[in-house]
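Next comes just one chain, in structure tokens: the form predicted alone.
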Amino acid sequence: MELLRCSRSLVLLAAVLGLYAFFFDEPSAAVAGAGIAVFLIARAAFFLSAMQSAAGSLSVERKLSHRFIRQGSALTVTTSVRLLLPKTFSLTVSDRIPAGLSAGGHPHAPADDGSCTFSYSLTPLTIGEHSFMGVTLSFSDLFFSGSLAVAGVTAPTFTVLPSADYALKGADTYGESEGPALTPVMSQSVRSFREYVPGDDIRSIDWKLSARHDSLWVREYMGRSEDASLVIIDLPDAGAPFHPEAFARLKNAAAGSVAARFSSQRPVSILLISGPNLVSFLPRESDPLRLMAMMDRLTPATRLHHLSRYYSTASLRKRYHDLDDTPFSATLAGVTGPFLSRRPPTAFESGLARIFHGLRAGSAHLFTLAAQDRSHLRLIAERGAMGSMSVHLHVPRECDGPLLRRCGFSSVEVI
């Protein structure tokens, strides 16, 4: 609660009267100053009580333009608020938007008569199911102003689907074409039809069916099926500094990715690593409660092993095989050849090989802060390429850099 100009003037007047009574021994001035102080205290108690009473009569109704939307597309929100407001009060209502979304327009409006309706747009940056965090009521009268956060009004929820650039190709809930190539003519193997979701490719719209139903419908194409989805989470080093806000956004994005895969009714495999250290592996888990509990408990892990500019044996063989025909190159190839033939893989490489070999996943999603040495990220991308698995990297914007584009990932998403 803050004092406004009128109350600040009364506080100053009460202080002046108190000093006057103290120095000149005037009881009447002391009584007047005490009366002003009592009035302000009573008025503050009335203001706080009126705030609580008005919040108790709050009624909020939100309407969304879509309940399902793809990542990066605009969502229109219309919020209507009603409450019993004292006559001497003024009010401004603000919507508390979910985390991971950017607002366009003004998610607030004055409600001096106790009711207001305002509209704004949201652009979701993270996938998964989202709900609102409530509303903020900002009251003011002639003497005081204060804000009250009401967290109970969170409905409705909406689901953000992966954008077309990062969605799993194949038998997912919302379907994509078989190949990533953008061609005017797609595969004729149509699996089913569904209603249009904002952010879908407009070339997949079936115009005849849309005209028949007076709403947009899109075609879902056949693709390769996958038995499981692999989500890899790279935990930061507990013994090194990291960005807490970026790690919180990373966990939110990973949890949204796991939730989106459960919506397709496919088991999810979770691999937890910390640099070149395998922390734990949960293969083909079908219990969403167990997975969400594990996602909530994600914390930095201690890294017992480290890599420094490490390259796999396959990449080194390719590098030294493509040398020019000079005496030095021949000598270098003769030295490195026997060494690489006897070079054992690291424990991290062996563990990755066993995990990737046992999964029939066409794609993997890696969430990382990309801190310290990034050799383990390059090893994951190489292992995916060896198994014809596309590996998609998700990294917070504070940790993004041009070196990540050289690791061989199928795509890089900045969170």
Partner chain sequence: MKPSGRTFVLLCAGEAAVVLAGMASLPAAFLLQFLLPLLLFRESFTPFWTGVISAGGYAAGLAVIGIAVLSSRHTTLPLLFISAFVVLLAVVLLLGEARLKRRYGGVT
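Numbering follows the first chain given and starts at 1. All of these numbers come straight from a predicted model, not from anything done at the bench.
There is also a form predicted together with the partner chain; it is not shown, and the following applies to it.
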Given the stretches 42-50, 374-382, 346-354, 65-73, which is the single one in contact with the partner chain in the predicted complex, using a heavy atom cutoff of 4.5 Å?
42-50
Interface residue in the predicted complex among Ala238, Ala109, Leu142, Met294, criterion: non-hydrogen atom within 4.5 angstroms of the partner chain
Leu142
Heavy atom within 4.5 Å of the partner chain in the predicted complex, from candidates Ala361, Ala370, Val60, Ile36, belongs to Ile36
Do Pro338 and the partner chain share at least one heavy atom pair within 4.5 Å in the predicted complex?
yes
Under a 4.5 Å heavy atom criterion, is Ser388 part of the interface with the partner chain in the predicted complex?
no
Are any of the heavy atoms in Ser119 no more than 4.5 Å from a heavy atom of the partner chain in the predicted complex?
no
How about Val414: is it within 4.5 Å of the partner chain in the predicted complex, going by heavy atoms?
no
In the predicted complex, do Arg5, Leu13 and Ala151 all reach within 4.5 Å of the partner chain through at least one heavy atom apiece?
yes
Residue by residue through 6-37, tell me which have a non-hydrogen atom within 4.5 angstroms of the partner chain in the predicted complex.
Cys6, Ser9, Leu10, Leu13, Leu17, Gly18, Tyr20, Ala21, Phe22, Asp25, Glu26, Pro27, Ser28, Ala29, Ala30, Val31, Ala32, Ala34, Gly35, Ile36, Ala37
